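Here we start with a single chain on its own, the form predicted alone, put down as structure tokens.
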């Protein structure tokens, strides 16, 4: 079908072509990690193909988020994509900086989180597939509700039904019961606006499969504690997270992917093969990775300094394995996983203790040499806790570094500037 009938698919199709290009670069590789990446990219392309088919054929699909119980969509056979998908998944596309400039030309302030700014631009410029309904996000920051306010005023999106689960602040039983009830309402909302019915047996099946994935993920994380660590930034948290939360939540293909990952990691650990030839610095990157220019910095860290990202915020956090013995417990545990456990939601929504405890646990478990808070300009909530994080690291006797960057716009702090800053820091700390 011509894109003239669906102009909102123009950009979405170009993103799919970008991932096809990346897929072609690893498709015939005999490197095990590349073969695994080929599977991940195949999952990603499947998602793009399903959404495009839904638009063209008029079938229901949802715009939602990773922390909104994706197993529900799996159980209901509902295709979905993340509202903020392009800034994160397709952030390495060559036109990203032009999009950032277009967002500012639209009048969006440069002090607004770039992920929010870009997502608003894609809505206003009619560059995002228009779903049957939307599951919004009121947390972890004020920018997310701002995006949904834009959606509610956009002429093409404002009549689309939207549900926003209300997040409690505290991590206690009362909050858990409240959010479990919110997830039940969300399921009813999806049923009402997509025509799909939630079969609790299918939800149980999807959750039990996702339990297998998270258990295997933790097994893999135990392997990453080895010195040298078998993998760095290019595999660790980003691909594991994408498989469990975006592409294959509660699906057997994701479980098979993790089994292959563990097989690769076990071989490397047994033979003391690290992510680099000589691991000298073990890094904990405590936030999102710099998606817009990731290849300009992180490979350099490994090659120049032997600095391996042993763990990052999206790679290791305490996920709940859900008890499926009763419907009530299943909803409560699903609520815990998506509100108390999910990365960035876990840290930014609640109390500062979440930052402190995560740093302390990972520094000790993974023999971390340096904790890096990248200081994304949009994560002002985290910036307010820099002093607490630094003091935590001082007590742990591990260096702490706050960078100050934009995860998507390399012009905010250029890769060369960051390389110089990090090199000076490593030298001053006597590392590498």
Partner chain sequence: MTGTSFQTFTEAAQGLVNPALQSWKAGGGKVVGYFCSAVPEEILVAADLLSYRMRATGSESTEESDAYFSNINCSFPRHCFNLALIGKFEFLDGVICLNSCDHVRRLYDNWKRYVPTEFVEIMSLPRKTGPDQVAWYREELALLKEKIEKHFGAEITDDRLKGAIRLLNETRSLQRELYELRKRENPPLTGAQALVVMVAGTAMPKEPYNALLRELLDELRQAEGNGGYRARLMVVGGILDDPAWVQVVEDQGGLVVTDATCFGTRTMWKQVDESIGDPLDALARYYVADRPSCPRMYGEQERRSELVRELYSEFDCDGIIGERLMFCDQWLVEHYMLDHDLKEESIPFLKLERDYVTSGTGQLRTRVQAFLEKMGK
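Residue numbers count along the first chain shown, from 1. Note that this is a predicted model, so its numbers are computed, not measured.
Form predicted together with the partner chain: not shown, discussed below.
S.K.: Which among 99 to 107, 323 to 331, 299 to 307, 224 to 232 is in contact with the partner chain in the model of the complex, heavy atoms within 4.5 angstroms?
M.R.: Selected range: 99 to 107.
S.K.: Given that the partner chain is not shown alongside this chain, does residue 384 nevertheless sit within 4.5 Å of it in the model of the complex, heavy atom to heavy atom?
M.R.: Yes, residue 384 is a contact residue.
S.K.: Does any part of residue 163 reach within 4.5 Å of the partner chain in the model of the complex? Heavy atoms only, please.
M.R.: Yes, residue 163 is a contact residue.
S.K.: With a cut-off of 4.5 Å between heavy atoms, is residue 293 one of the residues that contacts the partner chain in the model of the complex?
M.R.: Residue 293: no contact with the partner chain in the model of the complex.
S.K.: In the model of the complex, does residue 253 have a heavy atom within 4.5 Å of the partner chain?
M.R.: No, no contact at 4.5 Å.
S.K.: Just one of 79, 129, 143, 274 has a heavy atom within 4.5 angstroms of the partner chain in the model of the complex, so which one?
M.R.: Only one listed residue qualifies here, and that residue is 143.
S.K.: May I ask you to choose, among 269, 187, 90, 352, the residue with a heavy atom within 4.5 Å of the partner chain in the model of the complex?
M.R.: Among 269, 187, 90, 352, a heavy atom within 4.5 Å of the partner chain in the model of the complex occurs only for 352.
S.K.: Output the sequence-ordered list of residues from 397 to 422 with at least one heavy atom within 4.5 Å of the partner chain in the model of the complex.
M.R.: Read in sequence order, the lone residue that approaches the partner chain (within 4.5 Å, in the model of the complex) is 412.
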